[in-house]
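What follows is a single chain, given as structure tokens, in the form predicted on its own.
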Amino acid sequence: MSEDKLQFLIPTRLAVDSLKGRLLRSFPLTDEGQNARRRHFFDTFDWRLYRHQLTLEEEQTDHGKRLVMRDLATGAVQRWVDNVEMPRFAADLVRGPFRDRLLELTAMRALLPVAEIRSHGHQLRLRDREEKTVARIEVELAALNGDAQVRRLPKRLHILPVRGHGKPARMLTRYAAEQLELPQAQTSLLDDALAATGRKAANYTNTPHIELDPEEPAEQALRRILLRQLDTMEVNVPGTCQYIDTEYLHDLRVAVRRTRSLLSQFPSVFPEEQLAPFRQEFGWLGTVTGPCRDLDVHLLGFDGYQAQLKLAMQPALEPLRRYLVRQHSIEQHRLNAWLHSPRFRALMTNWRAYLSEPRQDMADGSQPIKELADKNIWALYRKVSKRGRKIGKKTPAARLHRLRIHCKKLRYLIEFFRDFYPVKRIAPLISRLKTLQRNLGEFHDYCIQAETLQHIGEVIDNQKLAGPETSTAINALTKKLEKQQRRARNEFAGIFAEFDRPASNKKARRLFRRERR
């Protein structure tokens, strides 16, 4: 049975009582009456549940309140938990299967209201000869909630199968389609509710994907890519300022880094004298958004910090948490001031105006974008390979950090233009690059975390913000991080060798060096 055929629309001309009458005459159904519900739909800013074909609802009836996770297309309940308040984050729920699944899907993102409806449902139950329930039918009449003017949504007939009893549901489905001649619902109830308010689901993603024509002039393509990154920056400003969750700032900073990387990789597409002021300003923006993000990383990882210590020592880290929270509040206030400043507004306005200007007739501006992408990706790939080969056991950490930045730039370029390359050929390269990036990222993070925590420990000690047990706990944590840093460093050689295999390099050369194929 296809699960996308379990919801049908009821034409306005067909009265609910008439529909129920036909169903009751055709099947041994029990009419269980009506129930009124108020349903609040929630999702993350980047629609993580919707993208997994799920909805999260806070459902309130006369019998109480529950959180429900449903299949988006069919409305079938996947999981639920009774008598709990809607949390801001999945992690705020009591541990259990519902919380674990929701946390797996949403991670650190806040759960935001996206739609609210009220409905009346007419419930019918189909039983077999042994009086066991083998299927349910619900006729739902829904409208947007909270509006002075009632905005009704299309009436729906839901067929709800019971696990292990697929045949009765298939029978009901055929009857709805063939005898009742009901059209199959092409959109979900959530989509209908959003459409009624002029909204659309999945209208934000932080991925850099944009459809490009390989023959499109480079300047035109780059302007479109850079405008997408600018949109990403601007749409994340309100959530960053309100500190709804940490990912607004993260996405904003990634868009800034992608922009700076793109400008550095295509220097001959736009006049340098015109780009120089923007390079400077985006560098400033990267700097002023850094402190808050660094503190976010520490706070997000704090439970992990504690878990690395002996149980008896873990409470001694709480003064460190309080210090981080206070510093974050200070830096958040500074960041809000910067993001409301004339300087930031001028950068956003002037950059959009520049990207909307006609082309500049630079040397590479009219070159097909794929040719330029091939050239730049291959040049950066070779740089990563050459620099990686020079790293040995005694190479200073700063050289690994620079290699990490080159890997990040290479990843950005490949992400922008991956549609130009066959999936079977580009995917293995991306996989190897991700593994290398993960190793270099861990090494860098452990270095920074150890140094930062050591410094914070000294501040806490000097200002007498905690007792000696906290200094002892921070020192123990720092040693753990330094040990993990050494482990990541020791793993680098093997991971890089896998990335730098001769066969892989040969494939990359064929993929990007078009003139030598």
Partner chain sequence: MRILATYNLKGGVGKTATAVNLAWLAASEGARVLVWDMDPQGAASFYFRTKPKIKGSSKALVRGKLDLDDLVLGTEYDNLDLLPADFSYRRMDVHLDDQHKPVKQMIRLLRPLSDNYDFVFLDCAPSISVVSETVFKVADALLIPLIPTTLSLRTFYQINDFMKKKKINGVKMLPFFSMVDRRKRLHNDIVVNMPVKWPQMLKTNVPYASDIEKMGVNRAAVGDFARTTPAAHAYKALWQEIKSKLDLV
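Keep in mind it's a predicted model, so treat the numbers as computed, not measured. Numbering follows the first chain given and starts at 1.
The form predicted in complex with the partner chain exists for this protein as well; it is not shown, and the discussion that follows is about that form.
Note on contacts: among 131, 211, 215, 273, the single residue with a heavy atom within 4.5 Å of the partner chain in the model of the complex is 131. Distance criterion of 4.5 Å from any heavy atom to the partner chain in the model of the complex singles out 83 from the list 186, 83, 264, 329.
Residues 120, 151 and 174 are none of them found to lie within 4.5 Å of the partner chain in the model of the complex, as judged by heavy atom distances. With the partner chain left out of view, the stretch that reaches within 4.5 Å of it through heavy atoms in the model of the complex is, among 228-236, 366-374, 412-420, 71-79, 71-79.
Residue contact check for residue 248: none of its heavy atoms lie within 4.5 Å of the partner chain in the model of the complex. The closest non-hydrogen atom of residue 386 lies beyond 4.5 Å of the partner chain in the model of the complex. Contact annotation: residue 162 falls within 4.5 Å of the partner chain in the model of the complex, judged by heavy atom distances.
Contact annotation: residue 351 falls outside 4.5 Å of the partner chain in the model of the complex, judged by heavy atom distances. Contacts to the partner chain in the model of the complex (heavy atom within 4.5 Å) from stretch 53-68: 66 only.
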